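Next up: the same protein chain in two forms, each one alone, written as structure tokens (structure 1, then structure 2).
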Structure 1
Amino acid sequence: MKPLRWHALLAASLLLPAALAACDDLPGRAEPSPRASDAPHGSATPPPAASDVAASPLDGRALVEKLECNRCHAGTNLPEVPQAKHCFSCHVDIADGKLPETAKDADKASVPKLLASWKPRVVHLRFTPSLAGVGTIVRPEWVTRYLLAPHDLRPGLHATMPRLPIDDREAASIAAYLASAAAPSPEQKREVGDVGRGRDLFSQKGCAGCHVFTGARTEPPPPVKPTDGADRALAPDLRYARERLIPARVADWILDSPSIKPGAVMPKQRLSRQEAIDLATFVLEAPLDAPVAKLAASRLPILDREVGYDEVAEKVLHKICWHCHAQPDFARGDGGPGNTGGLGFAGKRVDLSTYEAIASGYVGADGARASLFSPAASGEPVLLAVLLERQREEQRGTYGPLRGMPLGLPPLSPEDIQLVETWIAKGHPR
């Protein structure tokens, strides 16, 4: 296989699920159903109320299989997937200087050059948390809310959990399945320590070296580097600990998390029991500043110059978007969740790999083709509307009826969106 084809394979196959930019419906018209949309990005379902939602662990297991959670996560109790369909194991191999299984038939002489070319591009998405034993430490009701409205829980990761095509009962069923075999004893009570001592220990024991604790006025950790391991990359923002974690287990978790949850990456700590209790009390009770409102991203004006497809493809579409909207021929039959389907999303045939493919649009719920340049409910062209919606999701922290893109990744920069908007406004020329 020629090196050029392997470059395309890396972008379209190895990185396909890695971007987590799955989509089954682009944006567009609002639908009566909370699950489906006639345009390529579907409508969102708001998080359930605090009241219990009927849930079934058995249904949850079936959903974990349907949503292909094992493409990203260990600990699902499902069979391992082939590396070509795994979200990040190829990235790990490349980062370690090894040729992924999906590229084993590459010409041996070209391997060093391929690895040298690929390695700088796989900085992100090398780690995801294991789902094994989630119920030993995480509240099922929090898992339900998080699945419906994911947010940036782990600042050391570039990607976040994508918003999957599920409703409140399905989210609750998944949470029940993940918690079903690992819930702690209801008799266990939380031991309360001293918040002030816990704050001092947080700094003295190095907790601030990994964990962001937004609003607690702790020293922020240094930025995660490509050479850092999973323990730093997966460290959650502790602001969410009091709603996310089972309070009675936090001190035990701080002392020895691997003994509580298989696959936990936080190492066993050299602490006394009382120190762990004080730290847990600080995490669960420290006064927190109110969240800082995020500023709305600027909407830049149309460029006063010509913008062609090649520039848009190089700077935007082939850099991010075609990870999940790719050519099946380059990806061993898998065009990504936004094209041939996957991760619970139906294939909408959104192929962003060539000008001709983009011009062919997408397949709506009625089976008919529609244009990516047709207006969404906002009046903006669909292709532009999903990019702007991702900015709005990040700014407001909530989801609307439109599914913003790239799903599970940071919004595009205002400059990148300006480029796409200019291209569309000028008639999306070839």
Structure 2
Amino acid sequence: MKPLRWHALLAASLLLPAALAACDDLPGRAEPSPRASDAPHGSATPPPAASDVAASPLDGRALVEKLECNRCHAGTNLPEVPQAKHCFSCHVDIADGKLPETAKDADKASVPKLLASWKPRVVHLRFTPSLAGVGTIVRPEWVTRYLLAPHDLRPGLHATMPRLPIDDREAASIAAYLASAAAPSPEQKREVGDVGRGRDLFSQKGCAGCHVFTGARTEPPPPVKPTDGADRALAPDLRYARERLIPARVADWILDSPSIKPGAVMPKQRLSRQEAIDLATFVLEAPLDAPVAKLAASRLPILDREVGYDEVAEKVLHKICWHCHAQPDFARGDGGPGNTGGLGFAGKRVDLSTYEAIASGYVGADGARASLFSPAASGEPVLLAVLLERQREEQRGTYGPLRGMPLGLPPLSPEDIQLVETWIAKGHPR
């Protein structure tokens, strides 16, 4: 299981002063501040509430199509994506030992060998929450904020929601599209039960077998293994429930989630209505410990030894990155959103599959080719800057103009970053 990550900078505007103080000693502080239009989203500059901007469900639908949300999510109401495009179904098939549908006859002979090499590498991208019925329980304003500044919600899930190229108005329109006219308003009164009884029921009824509830001092659930099913991997950290959910819906959800969200992965619970009300009250009102500020990840010194391209490729680029920065072939569908484009990105032509491809650089904002080793705004070579930026995004819960990499995945370890940094510092030898 990935370590429990903390994002309450985002969650609790109350903690803003502490958050800003904690930022003082961050490496990011020395950077030039982003342009106004690029201001990081999150606690420091909360995006406008959905009602402040002209949100349109029709625009939202067009955006969901353009940004290809259905390559990762079921339940978008758009036609299904073919396997060669579907980030998760292709990985699931490979994990199940099935051949990608795009395989040509010429490739088929080598498939058993190839499957054996891919299988251990795709274990993490197997589940995503369905968006069907999200609007019947989740508040539209929360969806808007989350799309602009996503954070880790599900401790058992390796992948996170990537930060896609959208602005405030577009995020609000997507939230309006996902909203449900049948949902009670967030202001509607809910039945209030007893927090103490809810706390007892939480352990008696096995809720803690699936859910982390950070800060509520419940027993921690056993860690999720890659072989566990969707019902454990997709269980949200209940710390966010109070900002995320429509309160009047929570007891009904706990009692019978499939009646609220079609295909909900949380199994139906054996509970009385009063028990569900007590549990909902516990989830929405339990006192929470203040979040523990996340320390900046350590930056390790350049290694003394030689580091060649093969080692960087094996430990980092071919393990995590190249799939979004690939050369299209039957096993990997297209060249990926970071190379040929997709998920609303135009495609910066960053191909990380070979030494030569990396040496050929990428296409910058002005349309001209630039080197991946030339400095980014932070002064670090671009290839290193994106890795450090992802660490900062995770630590602060806010986003700057540069997109941290790997997009939609946890940051690389300090050791892996050290390896890349050493390779670049030594003149990125072959």
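In this text, all values refer to a predicted model and were calculated from it rather than measured experimentally. Residue numbering: structure 1 sequence, from 1. Rigid core here is just the name for the largest C-alpha set that superposes within 1.5 Å across the two forms.
Matching the description of the form predicted together with heme C (HEC) is structure 2; structure 1 comes from elsewhere. Superposition on the rigid core between structure 1 and structure 2 places the CA atom of G196 less than 2 Å from its counterpart.
L288 is not among the residues whose C-alpha shifts by 2 Å or more between structure 1 and structure 2 once the rigid core is aligned; its shift stays under 2 Å. The smaller of the two rigid parts, set against the larger, turns by 12° between structure 1 and structure 2. Superposed on the rigid core, the forms differ at A116: its CA is offset by 4.3 Å between structure 1 and structure 2.
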